[in-house]
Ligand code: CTP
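Quick heads-up: it's one chain on its own, the form predicted on its own, in structure tokens.
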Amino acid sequence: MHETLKAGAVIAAAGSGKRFGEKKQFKLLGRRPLLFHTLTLFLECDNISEIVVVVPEDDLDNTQRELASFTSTKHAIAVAGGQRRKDSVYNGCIALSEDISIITVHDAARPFVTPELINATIQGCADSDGCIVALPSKDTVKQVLGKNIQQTLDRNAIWLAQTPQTFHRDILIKALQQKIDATDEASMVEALSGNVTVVEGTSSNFKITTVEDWNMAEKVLS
């Protein structure tokens, strides 16, 4: 990637916790809240210049105080999220400094990302509009309607998207401003005919969604 391009990170941590039963981003995983396990890895990533953590508005003041207690030369702030994920990510993007040209978006609920994976997606933006972490499917993939199989898809062409997902700032912000309903940022950039590439991730970069996922994360730390 060209040396003049600065990268910033948006950590999405504005979920309400309805599916999990509580706001898991603030639940203690080991001795620290889940969110701060994730944040630490971005603070350790040399290619990330600054970080914006997006949290529920009710948790903004507490998170800002926690961030202020971190000993780091890297600029890290908290902002309030919006009604939907895309609104929250947008709030994070516009809070980054104007000289940030590359934006990395990551789920707070993926606490086992590595600086190497983060850097790989940043480097992947050198020749594309965006680059995301994904896993090639190991299983046979069925397209199902109701409970009936419609067709079997070629698993060699199927990748399972993770985060981080990294993009050039302008196209990401433009995509977030569109009336596009999508489950990740890459889908929105793709809808604008953006060229998004993948780097292969790891199964350890899983997202904590259920109590079973949480139990698995505790085992990883133990």
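We number the residues from 1 along the sequence you see. Everything numeric here is computed off the predicted structure, so don't read it as measured data.
Omitted here: the form predicted in complex with the named molecule. The next part is about that form.
- For the three marked residues, Ala12, Ser16 and Arg19, a heavy atom of each sits within 4.5 Å of the named molecule in the model of the complex.
- Exactly one of the stretches 129 to 137, 116 to 124, 103 to 111, 143 to 151 approaches the named molecule in the model of the complex with heavy atoms within 4.5 Å, and it is 103 to 111.
- Contact check for His75: every heavy atom lies farther than 4.5 Å from the named molecule in the model of the complex.
- Of all the residues from 74 to 88, those having a non-hydrogen atom no more than 4.5 Å from the named molecule in the model of the complex are Gly82, Gln83, Arg84, Arg85, Ser88.
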